[in-house]
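Next up: just one chain, as structure tokens, the form predicted on its own.
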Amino acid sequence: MISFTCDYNEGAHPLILKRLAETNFTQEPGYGEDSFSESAREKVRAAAGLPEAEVFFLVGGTQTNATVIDAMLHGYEGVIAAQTGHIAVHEAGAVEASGHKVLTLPAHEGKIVAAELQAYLESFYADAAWPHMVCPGMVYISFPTEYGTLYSKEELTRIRAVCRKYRLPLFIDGARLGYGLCSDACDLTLQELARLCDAFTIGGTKVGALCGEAVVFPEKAPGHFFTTVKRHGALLAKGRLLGIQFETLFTDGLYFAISRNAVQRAMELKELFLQKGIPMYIDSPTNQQFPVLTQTQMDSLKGQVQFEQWERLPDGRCVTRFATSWATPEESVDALARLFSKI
């Protein structure tokens, strides 16, 4: 069985497992106060070009998004996101459960547009009844988006400008950050992205770690952020587990090297689909690809290839998702090509 269902089907990069084994009997404090976590923070700061940044390691993506958003908002505020944004669709209402409404904007290939963000905010404050409403308190985007698309430097700069005008913090969910930054279509560096937001995450779960996300505040974290992390169940007592993983990922450029593997395999998949005359639902330059398959094509792959059914179209065809990861071998793409040659 060939699997392209997700980018965290595998465990962790072998170097992480090796490092975990090497340090297994080293006694260290808990809750992220260990020497491995401190070393990892320094490496993340250096990679992002932010020597004064505050860096925290949390257990998973949903907990991270809910924690950061709750920490940065007042109780009467909501968070603006695309209709297809992860917090609006795939996190089971975790943000709403913390008391903050997700205020959605139209999604354009998974992205929000600065002009529509500006129009939304103008309209909101033009309404005399706005004090009775959930106030927009921050803006959330993901990089890459749920559809594997990327914000350009210009797009992100424009969104940032609107946020500054209305004094709204901008939070970038980087659950798949490595796959975005290592795409040939990306015109942003990590350092540039870090300076265009008020908080961002570096995904580990989907990019080579067993688990964990790094939260980076380029300037200063919200007050009592550590306590907020604990209240959200996102604090790991054995924080060394997360520290060791991020320390390893940010040693000798490993995080970016393994991210490039996923993108390369995804581009090979895209080329394979196009060669077979299979249209793509969206032109994704990252590790998620969305070919539109007929029911016959899906039936032919059943039992041999695992992938996700994303959206059923009116004509009966199905938008599917094939995701590669840091560990996807070239042989998996070759095997899929052989299967398609028989369809």
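Source: prediction; values computed, not measured. A residue's number is simply how far along the shown sequence it sits, counting from 1.
One more form of this protein, predicted together with a further copy of the same chain, exists but is not displayed; see below.
*Establish, in the predicted complex, whether P51, H108 and A257 all lie within 4.5 Å of a further copy of the same chain, using non-hydrogen atoms for the distance.*
No residue of the spot touches a further copy of the same chain in the predicted complex.
*Single option in L269, I172, M72, L241 placed near a further copy of the same chain in the predicted complex, where near means a heavy atom within 4.5 Å*: Comparing distances to a further copy of the same chain in the predicted complex, the residue within 4.5 Å is L241.
*Consider the chain as shown here, without its partner, and state which of R195, K101, R160, K153 has a heavy atom within 4.5 Å of a further copy of the same chain in the predicted complex.*
Only one listed residue qualifies here, and that residue is K101.
*Could you tell me which stretch in 90-98, 140-148, 180-188, 259-267 has residues with non-hydrogen atoms within 4.5 Å of a further copy of the same chain in the predicted complex?*
Of the stretches listed, the one contacting the partner is 90-98.
*Using the partner position in the predicted complex, report whether A114 sits within 4.5 Å of a further copy of the same chain, counting heavy atoms only.*
It does not: once a further copy of the same chain is placed as it appears in the predicted complex, A114 has no heavy atom within 4.5 Å of it.
_So in the predicted complex, is a further copy of the same chain close enough to V59 to count as touching (4.5 Å, heavy atoms)?_
So V59 counts as contacting a further copy of the same chain.
*Can any non-hydrogen atom of A12 be found within 4.5 angstroms of a further copy of the same chain in the predicted complex?*
Within the cut-off, so yes.
*is_contact(I80, a further copy of the same chain) in the predicted complex, heavy atom dist at most 4.5 Å*: It does not: once a further copy of the same chain is placed as it appears in the predicted complex, I80 has no heavy atom within 4.5 Å of it.
_With a further copy of the same chain taken in the predicted complex, which residues across 1-38 come within 4.5 angstroms through any non-hydrogen atom?_
Result: M1, I2, S3, Y8, N9, E10, G11, A12, P14, L17, L20, A21, N24, F25, T26, Q27, E28, P29, G30, Y31.
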